[in-house]
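Listed next as C-alpha cells is one chain, alone, in the form predicted alone.
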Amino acid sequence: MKRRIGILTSGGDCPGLNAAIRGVARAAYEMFDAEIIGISDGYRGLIEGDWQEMKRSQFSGILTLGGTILGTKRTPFRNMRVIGEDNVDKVAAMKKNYADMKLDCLVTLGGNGTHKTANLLSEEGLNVIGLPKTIDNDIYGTDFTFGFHTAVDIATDVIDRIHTTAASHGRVMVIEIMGNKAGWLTLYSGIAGGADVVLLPEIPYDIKEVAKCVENRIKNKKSFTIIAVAEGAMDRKEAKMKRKEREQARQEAGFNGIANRICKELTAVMPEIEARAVVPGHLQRGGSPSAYDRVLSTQFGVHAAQLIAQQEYGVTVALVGNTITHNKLSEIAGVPKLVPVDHQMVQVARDMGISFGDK
C-alpha cells in the first residue's frame, strides 16, 4: 500500500535532524511504497503550501550533516489560532495544504512548541507523528531527545578549553550554556567538564553562596574557578517573581546575559578576583551530530516509519530505558521536562562537591 508522507522540521535547528529525516525516508522506502514530501521551513511551509516531492537521492549523504535540508523556522504555538494582519487562518490553511498534498500522514521534528502544534493538528483530524528534537532535552516522556548529546559534547569541549586559560590567569570563568527553562545541558556538561559551580533555572542561586565556593577554592590553593550557568538561571529573588516582573526588573537593571551578570555580582562581593564571561551561544547547536545522536536519530526515524506502516498516529517517538517506544501527543504536548531538584545527577554533582549556589 502506498503512503504519502509529509516531513517538516520546526523550531531551532540541532544536530541529528537530517539523520532523523533520513531514518524515516529510508525505512519507509524499504518497508512500503512511499512518497516523501518535504515541507520547507516548518509550519510556515505547511501554512503557505511551500513543499516539494523528494527524491531518494536527496536522502543520501545527510547522516553526518548538521542543520536540516528542509529548513526550519519558529512559528509560535500561541499564534496558531490567531488571525493576524495577513488575514490567514493558520489552522485552516495547514489542513487545506495537508489535503492538497494528498498526505497520508505528517511527521514533525521539533521541540515543545512543535509538539503542541502537532497535537493541535492531530486533534483537528490529521494523521501526525512527532519526533523529539531539542538540545535542551526538555520533552516529557523521553529519556533523551536527539541533539542533546551532541550539544553536551560541544559545551563540555568549551568548558575543557576554558580550564587552561582560567588556570593560567587565575580567573573565575563563567560559561553561559543554552537552556532557558531546563538545565539538563548545563548539568550534564558541567559535570563532564569539571565545573566547580553549576547554576540551573530549576535551582535558584544566591550569589553569596557562589562566592563561598570561590573563596573555599582560594583557601585550598585553587587559583581559578569554573562556573557553568544556564542562560535561564535566576537568583532567589527573581524566582519569586512572575515572568513579566522578572523581565522588567532585568531590563531596568540593564541585564546583559546571565554570565555577564554573575561576573558583575561576584566582583561586587569579591573585588579581589578577576571574572570573565564566555558565551558560546549557537555553537552548541551547530555542526555534525555525534555518533550517539546519529544512532538515536536513526532509531527514532525508523520507529516513525514503523508507526506509519501500522497506521498508528497521534503519537510521538520516545526513548525509555533502552527501548524506542512512543507516547500519545495529547499526553506530552505542553508538558516540560525540567530537572528535579533531587535528581540523581544533581546528587552526583553535590556528592562531588559541585555547588549549585543554593547552600
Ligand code: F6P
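In this text, all values refer to a predicted model and were calculated from it rather than measured experimentally. The numbering used is simple: start at 1 and walk along the sequence shown.
If you look for the form predicted together with this ligand, you will not find it shown, but the lines that follow are about it.
- Contact check for residue 134: a heavy atom falls within 4.5 Å of this ligand in the model of the complex.
- Though the partner is left out of this view, residue 289 does not reach within 4.5 Å of this ligand in the model of the complex, counting heavy atoms only.
- Among residues of the shown chain, residue 264 is not one whose heavy atoms approach this ligand to within 4.5 Å in the model of the complex.
- Residue 285 belongs to the set of residues with a heavy atom inside 4.5 Å of this ligand in the model of the complex.
- For the options 231, 202, 153, 196, the residue carrying a heavy atom within 4.5 angstroms of this ligand in the model of the complex is 231.
- With the partner omitted from this view, the residue of 273, 103, 166, 178 that lies near this ligand in the model of the complex is 178 [heavy atom within 4.5 Å].
- Of the stretches 75-83, 248-256, 166-174, 135-143, only 135-143 has residues with a heavy atom within 4.5 Å of this ligand in the model of the complex.
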